[in-house]
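Shown here is one chain on its own, the form predicted on its own, set out as structure tokens.
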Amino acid sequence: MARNEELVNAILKGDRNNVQTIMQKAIEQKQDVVQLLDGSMIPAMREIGERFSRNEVYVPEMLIAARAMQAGLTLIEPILAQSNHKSLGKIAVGTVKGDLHDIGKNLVAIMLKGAGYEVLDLGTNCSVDKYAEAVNAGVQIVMCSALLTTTMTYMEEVVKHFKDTPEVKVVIGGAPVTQKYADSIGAHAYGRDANEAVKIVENIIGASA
């Protein structure tokens, strides 16, 4: 699959204006935007995610790259919809009830979009009912984020709610969350960072395919 190095580099550098220019030109020239997405945009976000995992870049760089990626996605989303481009799966992402922090949640959402998934961003302060509504809308994986030790305990309520719905997987993450805590409440998986969250989703979707 052809790789547009200029587009890849623009995303890696977080050059939103250049990403928009490249994508707008591609649209005007009737280029295959699906190929641009799969061959350049998704690989760019995977690369920035790997760099983040290796501590070569940090949250600010990740956010800038993710916003540049989103700028490009926004331009081509109507075209993807018209072409019946199928997402790899439908994922819900939200910060749990009582917690209004959204940076980590936003990163996960954009990384998932960049990896080809349809993301239902539930925002912050999400109750069990909000997650349940997302599942009723066809979500396969529920991802819960928390930044506070006082709010991460609500994740257990979400896990309990879907305990008897084995087809729904609950993945948790956030600064105070650990693998030990995920195991203790019965969560399906724990993501250390946004890049790992994407890999977890890929494994879950792949296993159920």
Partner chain sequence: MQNLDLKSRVQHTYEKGERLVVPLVGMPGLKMIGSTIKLGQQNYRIHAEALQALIEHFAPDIVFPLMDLSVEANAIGRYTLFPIDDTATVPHVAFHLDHVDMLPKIDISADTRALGYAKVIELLRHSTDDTVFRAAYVTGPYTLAALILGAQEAAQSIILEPQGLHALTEYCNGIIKDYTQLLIEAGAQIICVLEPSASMLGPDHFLDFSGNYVKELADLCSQKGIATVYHICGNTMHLIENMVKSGVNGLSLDSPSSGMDLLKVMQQVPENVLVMGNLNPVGKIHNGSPEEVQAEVLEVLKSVDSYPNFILSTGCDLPKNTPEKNIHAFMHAGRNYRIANN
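These numbers come from a predicted model, not from an experiment. Numbering follows the first chain given and starts at 1.
Omitted here: the form predicted in complex with its partner chain. The next part is about that form.
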*Option from 87-95, 71-79, 127-135, 101-109 whose residues, in the model of the complex, bring a heavy atom within 4.5 Å of its partner chain*: 101-109
*According to a 4.5 angstroms non-hydrogen atom cut-off, is residue 64 in contact with its partner chain in the model of the complex?*
yes
*residue 60 near its partner chain in the model of the complex, any heavy atom under 4.5 Å?*
yes
*Is residue 53 close to its partner chain in the model of the complex, meaning a heavy atom pair under 4.5 Å apart or at it?*
no
*Heavy atom to heavy atom, is residue 149 within 4.5 Å of its partner chain in the model of the complex?*
yes
